[in-house]
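Given next, in structure tokens, is a single chain: the form predicted on its own.
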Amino acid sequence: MIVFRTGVILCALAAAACQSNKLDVYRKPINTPSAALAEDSTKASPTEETETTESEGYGYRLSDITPAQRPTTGTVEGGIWYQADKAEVKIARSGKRIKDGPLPAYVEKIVCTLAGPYCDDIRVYVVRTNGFNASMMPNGALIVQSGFLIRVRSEAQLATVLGHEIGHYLRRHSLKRTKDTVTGANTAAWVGILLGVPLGPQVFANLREFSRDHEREADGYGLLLMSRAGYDPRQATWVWDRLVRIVGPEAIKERKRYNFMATHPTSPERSKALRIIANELEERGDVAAEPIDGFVEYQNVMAEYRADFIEDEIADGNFDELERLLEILIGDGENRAELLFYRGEIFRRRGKKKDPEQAMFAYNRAFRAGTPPPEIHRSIGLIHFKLKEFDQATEHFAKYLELKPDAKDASIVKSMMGAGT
């Protein structure tokens, strides 16, 4: 019995020590005094041979890269950057890249606010790709996916993840991750995942993820950078809690679908650590008296793109997750009529036995919530048409064409109106 109790105590102490050590990794960036950070930004980068050196007095460097610095040709890091530069050209030319409208400039503005003197070193690419992800390439190319943009609710939540990715860049995690094994397959994997290109098993085998401690470091930098920029660091916890609700318990448990589940610290650990550190920042007075949320600003920018991004998600066919996502977005209180329309679209397009009934219920809610998109009349018409209720179908098809006379599918809708007579 004594041996058993001793073993339990030792296990508990070991677990507590392990948790404490993990928390220390998250804390490192925010424990650096501001004066030391400012001074550190002018220091030369350490050589590859010496790797990261700890600066006396505060034990952690803001960055191993000075602004506008590129690695020397012929070094391991130089080779990584060369491969990343080639990959960046493909991403820049990709048909999935969003170049027009206010969104790219808006994201770039937030990145510059967070990155400070490193603003000019980071190029932002917004791409239409489903799933929650933003990824930083070692040369400063930051890829932000549309699926990520519709899963956060505000500018502050967007800043949480952008700050995390900037942290990866500042700490040269790609060099630390691939120093001993640099292959073109790594870059091929990055590009393939981003652009939806099928990859062979060998490419996947060569793709190395950041270590858990690198992710913890990057989280710490995200908190530091967003707090300095005037955002509320508590958003870092809220954004991950929100994502867990969207993804669902089964996916979280099985760590599937999203890369962050397989490669990042567990969600409970991450949420708890970020909450503790955010509270510590507030106690130290490092949080703005009126921190930026940016909910309205973010919603206004996203209004032009949201419908297209949701259409992409519907086409992806992951209806259960999309239903949870839309319920959360509806709960945010903005654009409810549009979102309720798309909730109806989930049921209509999924096509299970009782889905048409549920779709009509969602469409009726959309009308009560405001002015839904004109496409709602086409969708209602299609349901009536399928049920051979041709008079009702024709009525809604006509309303759709009245509201959207230049619709690309106008000829198809007109032919359906004729077929029902």
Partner chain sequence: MNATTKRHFKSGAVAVALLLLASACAPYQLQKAGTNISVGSEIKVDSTIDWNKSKLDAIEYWTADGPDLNILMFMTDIKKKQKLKRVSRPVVNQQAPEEPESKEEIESLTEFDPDMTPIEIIEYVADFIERSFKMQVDVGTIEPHQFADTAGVRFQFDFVQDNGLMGHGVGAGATIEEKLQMIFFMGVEPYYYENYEASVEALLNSVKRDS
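Because the structure is predicted, anything quoted here is derived from the model rather than measured. Residue numbers count along the first chain shown, from 1.
The form predicted in complex with its partner chain is left out here; the points below concern that form.
Its partner chain in the model of the complex is not approached by S135, whose heavy atoms all lie more than 4.5 angstroms from it. Contact check for L382: a heavy atom falls within 4.5 Å of its partner chain in the model of the complex.
Taking the partner from elsewhere, R348 is found to have a heavy atom lying within 4.5 Å of its partner chain in the model of the complex. Taking the partner from the other structure, its partner chain in the model of the complex has no heavy atom within 4.5 Å of any heavy atom of E304. Interface residue among E297, D241, E327, D316, judged by heavy atoms within 4.5 Å of its partner chain in the model of the complex: D316.
Listed residues D213, E269, E282, D312 were compared with its partner chain in the model of the complex; D312 is the one with a heavy atom within 4.5 Å. The stretch among 282 to 290, 89 to 97, 269 to 277, 105 to 113 whose residues place heavy atoms within 4.5 Å of its partner chain in the model of the complex is 89 to 97. Contact with its partner chain in the model of the complex holds for all three of R128, D409 and V413, each having a heavy atom within 4.5 Å.
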